[in-house]
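The chain below stands alone and is given as structure tokens, in the form predicted on its own.
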């Protein structure tokens, strides 16, 4: 499909910037707008093309502002909603901002898309909306059971999105992905945090026993999944996006440590108020469309570590 005007929300952040990289390259004739609040986790350095490409523009604004959303979505062919407060630890201390940004922000954007009759929308959710599971992977039809303020705000946003699809035939696709890794990620999340600690020769702190399991998906593979769904996804459907690599938190720490030639201490600290033991999803529906992850955290870590060696000072 040939998109003429694309809106990416939250694309000055980590994940969104990788989506912007792909879409600006593949849809080089399209006008691309980024709508971003430019919080602490966003950076203009993530999207340098925005300042040089005359067809691209950045709107600095909050998704909860209806006027801004109406302006940003006018005459748009494709909206990809990547904007979110996403750090679970922060949601335990300041949960209200998560409801405002993730739930009210999504609601405002969906209403603007409805009024402006946007042709296609992809709403980015998370596998955390399912809650934890140990044995069988969750499929898209399984009920939502969020266990922390962050995932609850994302589940609430999904309910609004689904309501707009059912009531107004809003052309929305929802995606739920695993943990995403790559360069440019703010070092509060596990992989960049552990890398930066190693660079600074500081101890790595492990929540609880460190045996919580997570799957790790490349931001580049994720962007490719969104591109595929932009063209071939079915409106009203939900698609899980999963990696084949699953690691415990302590295994991630030891893997990152192995790339440094000096000793880094591992320190076990108090666990989160609640920490899901495992997120495990089945993404057969997406893979049946022809997508599969091509990248792997173990292989990508050297270049990611090198990037943080050169750029970690940007975050402080």
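Residue numbers count along the first chain shown, from 1. Small disclaimer: the values here were computed from a predicted structure and weren't measured.
The form predicted together with a small molecule exists for this protein as well; it is not shown, and the discussion that follows is about that form.
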Report the residue, out of 195, 79, 242, 124, that has at least one non-hydrogen atom within 4.5 angstroms of the small molecule in the predicted bound form. 124
Looking at 289, 66, 266, 38 here, can you tell me which has any non-hydrogen atom within 4.5 angstroms of the small molecule in the predicted bound form? 38
Tell me, yes or no, whether residue 179 is in contact with the small molecule in the predicted bound form, where a contact means a heavy atom of each within 4.5 Å. yes
Looking at the partner-bound form in the predicted bound form, is residue 107 within 4.5 Å of the small molecule by any heavy atom? no
Does at least one non-hydrogen atom of residue 172 fall within 4.5 angstroms of the small molecule in the predicted bound form? no
Given that the small molecule is not shown alongside this chain, does residue 73 nevertheless sit within 4.5 Å of it in the predicted bound form, heavy atom to heavy atom? no
In terms of non-hydrogen atoms within 4.5 angstroms, which of the given stretches 281-289, 54-62, 244-252, 258-266 touches the small molecule in the predicted bound form? 54-62
